[in-house]
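Just the one chain here, laid out as structure tokens, in the form predicted on its own.
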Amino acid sequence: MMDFLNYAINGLLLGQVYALLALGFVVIYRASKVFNFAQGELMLLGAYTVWSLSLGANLPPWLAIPVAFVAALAYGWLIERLFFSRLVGESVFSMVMVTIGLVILIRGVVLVIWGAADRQFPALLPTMPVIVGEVILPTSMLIGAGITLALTLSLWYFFNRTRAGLALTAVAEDPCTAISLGIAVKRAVTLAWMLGACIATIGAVILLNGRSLNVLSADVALAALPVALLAGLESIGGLMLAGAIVGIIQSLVAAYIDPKLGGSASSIVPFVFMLFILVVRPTGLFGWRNIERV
């Protein structure tokens, strides 16, 4: 029973990191109706930036992390200015295809600048676990869950209770109407991409803490895709619940089913959820349903 509790709690914490990464998807979608397939690559850029500042430039963590966030803001601004500022009002398909192109472009840039060799990501968070009775909890994941909760509450308030957040939502729903109302559409979308890049960098610091870093590290963000879809692409508050569901089930499958199958069935759990949700409830658990009157 204690083993089950350990697996479940650790799965819950892992799910909250997935929810944190999924926040990046939702923030950009709420502002532009674009599902950003390059969110993992934004995390990769943030991770290599943190590595360069911490181990390459030997900056202390208290300085390296804020500078990395400033760099992430610059990445988000540059990507939006170069690729999406000219696509305002264009079809969603066109924007999605651009994000797929970004996946290839950013990975290529990372390979050119940092190479393909594995690197040790700096341990910026404590590596010693927290032990409560017989329950062993990774400290970095605990910190990540706390950050996820704080960001979720902050972004929920931002999008639902502030003029800037409501403006972002209006831009996504109808850019032409938003422009006619005097909303700076390009500025709103730029802000969303800058937020998405910062969230990706936070996820990199938590998830890669003391671990190996390479180009394939971006693939971990794929596990956050099903979490975003399960919660609903417009839902911020539902991400923590969706992350908990996916993380706990994935952890239990890894503990009890993988050894019997001799494989890695747990790695496909998030994508089983994704397919199930897309078939049964495409809007997710808490997503908005669009009702059209004719």
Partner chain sequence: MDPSGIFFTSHGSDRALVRTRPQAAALALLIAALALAPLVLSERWIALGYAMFIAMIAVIGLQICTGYAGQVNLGQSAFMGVGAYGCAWLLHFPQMPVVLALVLGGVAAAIFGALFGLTAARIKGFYLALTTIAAQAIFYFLVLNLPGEWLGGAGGLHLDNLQLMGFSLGNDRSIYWLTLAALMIMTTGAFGIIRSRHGRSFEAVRDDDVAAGMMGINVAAAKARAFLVAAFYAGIAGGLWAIALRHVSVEQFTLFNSIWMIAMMIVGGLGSIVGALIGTILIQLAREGVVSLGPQLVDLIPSAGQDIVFASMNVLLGTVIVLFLLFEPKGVMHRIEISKRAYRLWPFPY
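Numbering follows the first chain given and starts at 1. Remember, predicted model here, so these are calculated numbers, not experimental data.
Beyond what is shown, the protein has a form predicted in complex with its partner chain; the following relates to that form.
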Quick one: find which of 240-248, 63-71, 30-38, 49-57 has residues within 4.5 Å of its partner chain in the predicted bound form by heavy atom distance. 30-38
Might Pro129 be said to contact its partner chain in the predicted bound form, defining contact as any heavy atom within 4.5 Å? no
Any non-hydrogen atom of Leu233 within 4.5 angstroms of its partner chain in the predicted bound form: yes
Is Gly108 close enough to touch its partner chain in the predicted bound form, meaning at least one heavy atom pair within 4.5 Å? yes
Indicate whether its partner chain has at least one heavy atom within 4.5 Å of a heavy atom of Leu275 in the predicted bound form. yes
In the predicted bound form, the one of Ala150, Val135, Ala123, Val92 near its partner chain [non-hydrogen atom within 4.5 angstroms]: Val92
Its partner chain isn't shown here, but in the predicted bound form which of Ile143, Leu213, Val103, Met194 has a heavy atom within 4.5 Å of it? Val103
Can you tell me which residues in 221-255 come within 4.5 angstroms of its partner chain in the predicted bound form, by heavy atoms? Leu222, Leu225, Leu229, Leu233
